[in-house]
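What follows is one chain in structure tokens, specifically the form predicted on its own.
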């Protein structure tokens, strides 16, 4: 089985002449000043979940946007800090943008334009020329930082997600023959009809085709991309090799479903420290001995939180016998709070939680606990292990690693996963209770099914899903990517 040791061996044997640099908008850890102290916080989201253990194994350099209040203060003379804090293994080099560029690049083009364009969540994309110019500037800053970091040494540069599609264009323009470049898109890719909405569609596609390889979460998204390129650009598509020739350059196109560090999550979630953390959280939030149903999301309209709350409301309407016996614990991590659509979402969620709790509460018990407070990642893993049910009800998602983290945490082979059919992870986890999050009636029925499933059926489903995630873990994912780029034979272990 692939693990950190196997990956380290591959990197040592096959990449000894290369340095590894990855780049993403989101940094893995941020430094903040809280409660009178300097603290470090692990950032939320699937990208960090996937790449942090990879970088610990590879011991390369991560280039990312600095976002914490104390991020500048901890850097050395080269703009770097070693991470993770408990066992420093790789360097984080932070990029900083001025407020005008940041607003246009991140809030504007990335999150008001590309994000809704790629997600079928019925939010209209907004494209502004000023935002596009900021997007270009930010991508060039990242590319220049990478080139400065690499210098003349041979390097494998791996760019991540929709914020940095054009970084490859600037790397290519530098004629850096010492670089092998790859791009991975963590979100869905739309069909050609939807992508036509983008005013800069040609420039975006040319950005993709600046890389030696581009990866998508699932084959469906890769096929959408091939169809889009076929419609929009004069290219030669090799359907057998699955590659695109454009302007005398070949780009491989692959589907690589991203995963998690199964072994590390499983070990921590079952530890005595995790059990103590659960006891503290249950006490602090007044959960008591009630069974826990958990959801963990960024507060984003693609995650389907309002639809989930309505299903919970209907569940209690139909099954009042569960009142005081279960608690729905929603961890909602704030996201993109400067944007109006996200402020509207926050207001909608607050209203629904208040309404449902007022309607169904009895005595000191309320059905929903919704917290936006920062909860350390290790404690979230402990809660996964403790929960009776985990709900992942995204309206549209590239993968969604919460589902895989929950399974990895269930070393006791119990617990039930309710999973949206519109998350990429549903294709690998058919044993989960699959739902259409738009169908409130069946969603409420799925909650009841999850809570009344026999122990034997729970164990059978969970064991099968754990076998899948154990085999298809994060290290195997990276091994497949490297084997494609570095042209060595991928060995299954």
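Positions refer to the first chain, counted from 1. Note that the structure is predicted; figures quoted are calculated from it, not measured.
Keep in mind that the form predicted together with a small molecule is missing from the display, and what follows is about it.
With the small molecule omitted here, the record of contacts in the predicted complex names 158 to 166 of 190 to 198, 276 to 284, 158 to 166, 418 to 426, defined by a heavy atom within 4.5 Å. The small molecule in the predicted complex is approached by residue 106, whose closest heavy atom lies within 4.5 angstroms of it. A residue is said to contact a partner when one of its heavy atoms sits within 4.5 Å of a partner heavy atom; residue 208 fails this definition for the small molecule in the predicted complex, lying far away.
Though the partner is left out of this view, residue 336 does reach within 4.5 Å of the small molecule in the predicted complex, counting heavy atoms only. The closest heavy atom approach of residue 115 to the small molecule in the predicted complex falls within 4.5 Å. Residue-level contacts in the predicted complex: of 461, 42, 31, 26, one residue has a heavy atom within 4.5 Å of the small molecule, and it is 26. With the partner omitted here, the residue from 330, 111, 251, 366 that has a non-hydrogen atom within 4.5 angstroms of the small molecule in the predicted complex is 111.
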